[in-house]
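Before any questions on how it binds or moves, here is one chain, the form predicted on its own, in structure tokens.
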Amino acid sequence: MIEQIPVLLVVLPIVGGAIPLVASLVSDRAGWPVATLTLVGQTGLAGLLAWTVSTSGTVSYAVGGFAAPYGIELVVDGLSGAVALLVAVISLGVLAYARKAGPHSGPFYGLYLLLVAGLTGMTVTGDVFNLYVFLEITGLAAYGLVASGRDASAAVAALKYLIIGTVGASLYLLGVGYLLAATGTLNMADLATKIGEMAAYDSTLVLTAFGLMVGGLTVKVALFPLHTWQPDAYANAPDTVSAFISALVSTVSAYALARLLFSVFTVEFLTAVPVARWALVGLACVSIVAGSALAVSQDSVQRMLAYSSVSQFGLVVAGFAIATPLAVVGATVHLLGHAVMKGGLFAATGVIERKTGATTVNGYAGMGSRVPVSAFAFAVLSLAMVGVPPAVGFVGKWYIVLGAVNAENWAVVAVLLASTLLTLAYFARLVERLYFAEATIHSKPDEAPVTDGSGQAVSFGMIAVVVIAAALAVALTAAVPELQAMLEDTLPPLLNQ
């Protein structure tokens, strides 16, 4: 039964997502309850799977009974188990926010669950072509969710996302073709073995495949300068969608990039082809600095948070590219922590906007007294993103710095420290506006104000999501040793140490 959980994690949200579509022909009221039941089951299964992996080791399942490398294999180890659990928990949390915030249509919840299925599939697959299939499912669902906003700007942002996302997926697929031509297989473990046996690190086909596949995934991760879809998508989508995709879409894409580096090409490839490692580290460093600089210059809070993601994912990719145990643990911790922190920040902006109408940095003036609970949670999440201890943001960055120091990669150390100062600059500006500036924006006259802690069940649920995210940004630090233990069985074979 345990071996079948990976496939159940993919099938359950697909089946659950079909029900709201059918039910919407009669009523839209069934969408949220069905999605909630589906994700409660998803979270339970993901938790059971993560516990099994942490206690018993890797779990694998041959789809249809066709053994690898000829069939599709689903593989869950410590790294993928943690990400699969993250996807389930955050999806359920954002769904609680959506109960009041909406959208409320059946097709919305169908797309929501389809995105969960795509993200989970990307996490558990052990096949590079199957990863492409789930990458496309994820993309199509995300485009539709972004377009679900009421303004025309949401449709334009979704179209931009569609065009750029399709280019990224096409590059990845083309790379898969080159890799298949070079090795004759698509299974990740088999690919790693054959590339190693052939010593094909300097093969034109393998090098081309690496460049195309990594390039395609960096589009999905939104590293600078391939990030141009992200600010518009985050800023123009409904606040529920912004919180959801900002927390998970680039996160799982970054995980897929790490899986490609360690489970397909392996660290031997990065060692044998140092230009590949340095190109990836260089791109990550440029993204760290450029994302931070662009975030500082923004007036819109949501666009500032979007550019912040460009910088933070550069940090994650740098940790994976350095590929020392400490750096990879740090990148993993920051990857998981960023999902919680950024999802919580976007949810907080949604609450503040609905209460006060504020969407800009100057508009946040005095919000600390008007929406005290949401503003305090926003401040905690902001400081966690900067890396103030004891938040999880500090732990991830600290491990990456230690990994870079051990690898004597001083450029990454310098870039990370400079980026931390820039991150402090734009988040400190927001916190200063929240608590030390006079209010300039009033509540929308046509909207009944809902105060923090008012006791209204639905509104309290939205605020509770923000508060829980802030609490997790600090509490997850205590779980880092457990995560590190889960990765112990994963990192040695991946890093060959």
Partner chain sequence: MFELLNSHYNYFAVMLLLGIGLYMLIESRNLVKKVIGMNIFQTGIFLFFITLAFRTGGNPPIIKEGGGPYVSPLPHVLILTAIVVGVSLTAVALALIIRIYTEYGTLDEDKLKQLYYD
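Residue numbers count along the first chain shown, from 1. All figures in this text were calculated on a predicted structure; none of them were measured in a lab.
Below, we turn to the form predicted together with its partner chain, even though it does not appear here.
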(request) Using heavy atoms only and a 4.5 Å cut-off, decide whether all three of Ala158, Val167 and Gly177 touch its partner chain in the predicted bound form. (result) yes
(message) Just to confirm, with a 4.5 Å cut-off on non-hydrogen atoms, which of Gly211, Gly149, Gly196, Gly357 contacts its partner chain in the predicted bound form?
(response) Gly149
(request) State the residue from Val373, Val361, Val89, Val133 whose non-hydrogen atoms include one within 4.5 Å of its partner chain in the predicted bound form. (result) Val133
(message) Partner absent here, but in the predicted bound form, which of 180 to 188, 94 to 102, 247 to 255, 278 to 286 has residues with a heavy atom within 4.5 Å of its partner chain?
(response) 180 to 188
(request) Find out whether any non-hydrogen atom of Leu162 is located within 4.5 angstroms of its partner chain in the predicted bound form, and reply yes or no. (result) yes
(request) Check whether Phe224 has any heavy atom within 4.5 Å of a heavy atom of its partner chain in the predicted bound form, and answer yes or no. (result) no
(message) So, Phe129 and its partner chain: in the predicted bound form, are they within 4.5 Å at any heavy atom pair?
(response) yes
(request) Report whether the minimum heavy atom distance between Asn236 and its partner chain in the predicted bound form is within 4.5 Å. (result) yes
